[in-house]
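Only one chain is given next, in structure tokens, and it is the form predicted alone.
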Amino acid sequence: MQKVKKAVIPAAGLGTRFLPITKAVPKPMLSVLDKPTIQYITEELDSVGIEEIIIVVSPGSDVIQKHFGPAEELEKRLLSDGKKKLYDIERETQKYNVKFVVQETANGLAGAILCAEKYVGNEPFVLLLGDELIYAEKGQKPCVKRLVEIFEKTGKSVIATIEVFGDDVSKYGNIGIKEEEDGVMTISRIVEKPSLSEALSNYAIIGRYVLSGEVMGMLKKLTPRNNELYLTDVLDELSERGDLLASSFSDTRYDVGDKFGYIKANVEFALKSAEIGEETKEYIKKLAEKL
């Protein structure tokens, strides 16, 4: 079975919900605690041996490339000041084999993925959307690792899914389930952001996928709708053939494309921090007394 060696991270969104900060700072560079969200997403790939990461950026996002590139003057200063720990933290950002491509035209998620075609070709790839962080506790199998294992066992594209209820059903792509075995579901159909009456199930698509090598070719054949190319059109075609699987996961998901989700991520990552976790806990307790 073909191994998954490449990953694509679309990071070209304008981040208008976070204006004015995103006027000058690309949304993927907004930090959760002390790291930009784009770094957390690349770190999810550490468990699966990805050899090449392709990040799709918008024009003028040079700061993202700078973040993953060398910083010789900073490194010299850190070493001369005896700050080896900080030097090691900075060097961690350079350990990935990252390629960058620019999405010149805002034509949807499928359009962003197609920008990575020259690097992906007809190989399978992990797709990670930048608005979501997935946190695995120590000892948990990361979501991406589970998806890769399912793909490498079955050869079928596989997506991560969560259960949602009430009005949240209409916020996500929605999947119908044909059958389930050992926590792996075979998808029968997909609808995009259905009303409650149109929903096929309570299972929603979230931003982690492993897609087979044929997907890039299928994306190239898409017909635009409202000037956008929709990945869900390809996923629906795969589901009709019985070639699309889904898996739930036990990791914690943070929607950092939403202001409240972003705040939740910062608070909870601060609580997990070995450096400031206890201080944060005490501060929240005192704050709660005033509410």
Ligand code: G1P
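In this text, all values refer to a predicted model and were calculated from it rather than measured experimentally. Position 1 is the first residue in the sequence shown; the rest follow in order.
Missing here is the form predicted together with the named molecule; even so, the following discussion is about that form.
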Residue among 90, 192, 180, 104 with a heavy atom within 4.5 Å of the named molecule in the predicted complex: 192
The named molecule: the contacting residue among 115, 205, 126, 185 in the predicted complex [heavy atom, 4.5 Å]: 205
Contact stretch among 92-100, 68-76, 149-157, 128-136 - heavy atom within 4.5 Å of the named molecule in the predicted complex: 128-136
Residue contact check: residue 264 to the named molecule in the predicted complex, 4.5 Å heavy atom: no
Partner contact for residue 109 in the predicted complex: the named molecule, 4.5 angstroms, heavy atom: yes
Contact of residue 253 with the named molecule in the predicted complex (heavy atom, 4.5 Å): yes
Proximity of residue 119 to the named molecule in the predicted complex, heavy atoms at 4.5 Å: no
Partner contacts in the predicted complex for 161-182 (non-hydrogen atom within 4.5 angstroms of the named molecule): 172, 173
